[in-house]
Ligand SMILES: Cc1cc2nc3c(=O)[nH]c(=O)nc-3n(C[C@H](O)[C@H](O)[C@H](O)COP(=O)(O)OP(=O)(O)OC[C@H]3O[C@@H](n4cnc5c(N)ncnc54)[C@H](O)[C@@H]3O)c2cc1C
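Taking the form predicted alone, here's one chain by itself in structure tokens.
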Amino acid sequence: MHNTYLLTEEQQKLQRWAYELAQAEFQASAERWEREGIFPWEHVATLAEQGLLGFTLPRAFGGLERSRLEAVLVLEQLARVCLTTAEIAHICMNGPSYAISRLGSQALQARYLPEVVAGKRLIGIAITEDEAGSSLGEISTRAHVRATSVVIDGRKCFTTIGDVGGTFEVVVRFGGEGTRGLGAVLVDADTPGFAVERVYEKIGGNGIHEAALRFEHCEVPREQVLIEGDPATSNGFKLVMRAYNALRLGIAANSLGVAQAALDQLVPYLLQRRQFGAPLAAAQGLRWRVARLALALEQARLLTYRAALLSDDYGFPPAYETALAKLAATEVALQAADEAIQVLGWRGITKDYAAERRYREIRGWTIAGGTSEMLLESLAKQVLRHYEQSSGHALQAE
């Protein structure tokens, strides 16, 4: 198969380099992080040495300032080998660090970005609350603005790297109701009043922890406001979500790598395993399942690459194309991981093979970063709105 996707020779070399790096540096311990539930700080050091933590960040602060598509290509190859390590790179390439580089003051960039590039600080996003999961208009964590400072009060749950992050982009309410008044403030983990309440035990992905965080009268300088919320409008919320699209696209990239790894495992097994006097690959039903997986993976990859080539005025990928990519990639990754278990039979549910770990690691990604259901609803609204505007007919509820 000729999988160049119109990539340049340099981009194809980058893909090969990332895959070879992952095999050499991350493959041997990929299972360890999940088994022991420990955060791979040694891989953070390697990622920093290779320039991958600052891959999309400005050169002025030590980054490489590479393109969104190149970041996707790298993450896909890292995730083929070790999703835990790929997620760390993804958080730095696409998360709050990137948002700071596009939206933050020069002072904020100078304070945080060099430490991210060097692997000395990880910055997570604290957005989800017990009563505000998909419905972000229910966020209750508040920012009380004073003359020279902002005081944060509230609680966040299921915050990625919540126990090891040095700083958090905390999505807060500056006033207003619903999505009006929402914005984001940077809070360092050593701020008085900040606490990690608990770390969640998950079905998989236990090398990267999710934690519940408490902010009790956390006072930070006014300059730590990254996106100020206006109680009269939803402008702050819209900007938070525009930045969040970079995270969603990174999830899509990682999911492509997981799906490819599952396909890489199940197809050779079909060719080698013999039953009833013939390879399993001789069974038409199994061949067609492989074909449909390959089709879905190609579709997801093309959607992800397309979204990576597009950007808004701030350098974030567009919402519609990113939603398509995240939905397609996470669902094919979950499907491929499940198919690998089924094809491997009893071997697939043993820890002797990576199939069961891969399934557990990817299962949460159709939930985190926007559930499949919420993405479908968002996409449906945009498609229907387009036709309403072009036809002049409003949708009537049944």
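Just so you know, these numbers come straight off a predicted model, no measurement behind them. For every residue, the number given is its place in the sequence shown, counted from 1.
The protein also exists as the form predicted in complex with the named molecule; that form is not presented, and the subsequent description refers to it.
For the options Gln50, Gln342, Thr371, Ser67, the one in contact with the named molecule in the model of the complex, meaning a heavy atom within 4.5 Å, is Thr371.
When the named molecule is considered in the model of the complex, only one residue from Asn245, Gln77, Thr85, Thr160 comes within 4.5 Å through any heavy atom, namely Thr160. Only one listed stretch (363-371, 39-47, 332-340, 349-357) carries heavy atoms within 4.5 Å of the named molecule in the model of the complex, and that stretch is 363-371. Shown alone here, Gly178 lies farther than 4.5 Å from the named molecule in the model of the complex, counting heavy atoms only. In the model of the complex, at least one heavy atom of Ile127 sits within 4.5 Å of the named molecule. At least one heavy atom of Ser134 is located within 4.5 Å of the named molecule in the model of the complex. Using a 4.5 angstroms threshold between heavy atoms, Glu115 stays clear of the named molecule in the model of the complex.
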